[in-house]
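Just one chain follows, in the form predicted alone, and it is written as C-alpha cells.
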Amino acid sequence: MSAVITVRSPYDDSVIGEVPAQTAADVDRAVAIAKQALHANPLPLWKRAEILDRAALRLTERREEFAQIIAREAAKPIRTARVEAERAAGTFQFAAAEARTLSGEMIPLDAIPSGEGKLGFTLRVPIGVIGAIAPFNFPLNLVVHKVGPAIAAGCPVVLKPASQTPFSSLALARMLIDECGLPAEYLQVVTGSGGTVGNALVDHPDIALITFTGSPDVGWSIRARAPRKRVGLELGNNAPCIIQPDGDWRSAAAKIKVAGFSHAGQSCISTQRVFVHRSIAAEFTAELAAHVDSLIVGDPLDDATEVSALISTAERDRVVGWIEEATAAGATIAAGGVVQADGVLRPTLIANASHEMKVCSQEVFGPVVAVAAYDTLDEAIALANDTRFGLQASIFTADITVALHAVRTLDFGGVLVNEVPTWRADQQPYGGLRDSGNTREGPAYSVREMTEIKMVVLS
C-alpha cells in the first residue's frame, strides 16, 4: 500500500482526510508531462485569459465551498476564509488582465548606424516549467498568486501544497481542469513532504523557476541550493507599526485588533511590533487590551469566531514559550496569554516589550502583539528598522511631513500611512528586503518573472 499523509484539523485534531505521500519519482513524472505540454500544446494568450476569467467566475460561485475547505484544514475562521476565497477570485481577474496585455517592446535599432533598415522588438515567452511551493496560512490565495500568473505567462506548474493544507490546492486544480478549460498537464499537484517533494522540485534540472512562500531559513536554503534557477522568495516579517501622538490611535487600536490576530497571527505581515509615543502609550495600550479581550476565540467553523487555533500544538507551545520568555524578562501581559480548555491560545497583548525579546526580534507567527513606548520619531523609526526583516511597516500620523519622512526612512518593501502594515492589495508589488525575500508578487509583477525576453531583429 502506498504511503499517505493523514491531515488533521488543527482545532480539534479530527481527521479531515488523506493524501498520497508522493516521491521524487512522482515529481519526475509530473515535470516530464509539464515539459512536453509546453512544447506540444502551448497556450495562446486568448486561451490563457479565457481560462483565468472562468476561474474567477467559478471561484466566486463556489466561494463558500472553498471557504469551508480552508477553515477545516487551516483552522482559519470561516468569516476570514470567505474573504480569502473572494481575494483569490480577484487575483485570477488581475492575472487574466495580464494575459490580455502581456507584450514586449519596440527597440529603436536605427539609433545606431548599423541598425538602419532593421526592425527590433521583444517578445515575452514562457520561462518553462514552474515549481511552486506553497504555505499553509493562505492555502488558496497564495496558491492562486503562483498559479494565476503562471497561466497568464503560459507556463505549466508542478505545485507542492503545504502538507497541513493540501485540499484547497487539490480542489483548485480540479476546478481549473474540469470547469475552466486548463489542460491537465498544465497544473499537477504533488503532495508530500518538503524534504522529499520540495527538494525534488528544487533540484530538478527541467524546473526553470521556483516560487516559494514560507520561512526565511527554508527559502534562503532553496536559493543556495538552486543557483542556476530563477528563485522567487516571499518570506517572513515582524511588521512594525508606529503611532504618533497626533495620529488616530483609537482607529489604530481597532485595526490592530484584526491585523495582529486574524488567522491567529499566522501572516507574514501580521502586525507584531507596535511603537507608541510615550504620551499616549498608557491610553492606547488599555484601548487595545480591551479590543483583544473582546475577540471571540474557538471553533473555526462557527460564524462568530474571530480567532482559532494555530496550525499545530507544537507551534502553539513555541509561541507560549516566547510569551513566557518575555514576561520573565520584564514585560507584562495586558491581555490573553493563556491556553483555553479547547487548547487554543488566547490572543495576547504584551506591554513594556523590549527589542531583545523573541516576540520583538523574531517573527512570532502567532496571536501576539508587543507594545513599546518611544520618545522621538527618529527613535521609533530606528527601532522599526532594527530587524533582519523588511516586508511592510506603517505609521499613524496627521502630519504629512512626518508621513513622508517615514516613507523615506522606513527600510521596508512597503510603507503604509494611517493603515496597519497588514493591509495588502493583491495587485500591488508585494515583497520585502533582507530576510523577507527577493521578489515582488502581484500578477503584473509575477508574470514578468515567469517569462523570458526574446529579442527579434528583422532586416
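Residue numbers here begin at 1 and follow the sequence given. Everything numeric in this text was worked out from a predicted model, so none of it was measured.
This protein has a second form, the form predicted in complex with a small molecule, left out of what is shown; the following refers to that one.
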Can Gly336 be called a contact residue for the small molecule in the predicted bound form at 4.5 Å between heavy atoms?
-> no
Although the small molecule is absent from this view, report whether Thr91 comes within 4.5 Å of it in the predicted bound form, heavy atoms only.
-> no
Answer for Leu391 alone: is it within 4.5 Å of the small molecule in the predicted bound form, judged on heavy atom distances?
-> yes
Determine whether any heavy atom of Gly104 comes within 4.5 Å of a heavy atom of the small molecule in the predicted bound form, and answer yes or no.
-> no
Of the residues Val276, Val157, Ile350, Leu142, which one places a heavy atom within 4.5 Å of the small molecule in the predicted bound form?
-> Leu142
Students should find that, of Ala370, Ala384, Leu288, Leu235, the residue having a non-hydrogen atom no more than 4.5 angstroms from the small molecule in the predicted bound form is Leu235
Output flag, Ala71, Gly298 and Trp322 jointly within 4.5 Å of the small molecule in the predicted bound form, heavy atom basis | no
Picking from 337-345, 239-247, 107-115, 208-216, which part of the chain touches the small molecule in the predicted bound form when contact means heavy atoms within 4.5 Å?
-> 208-216
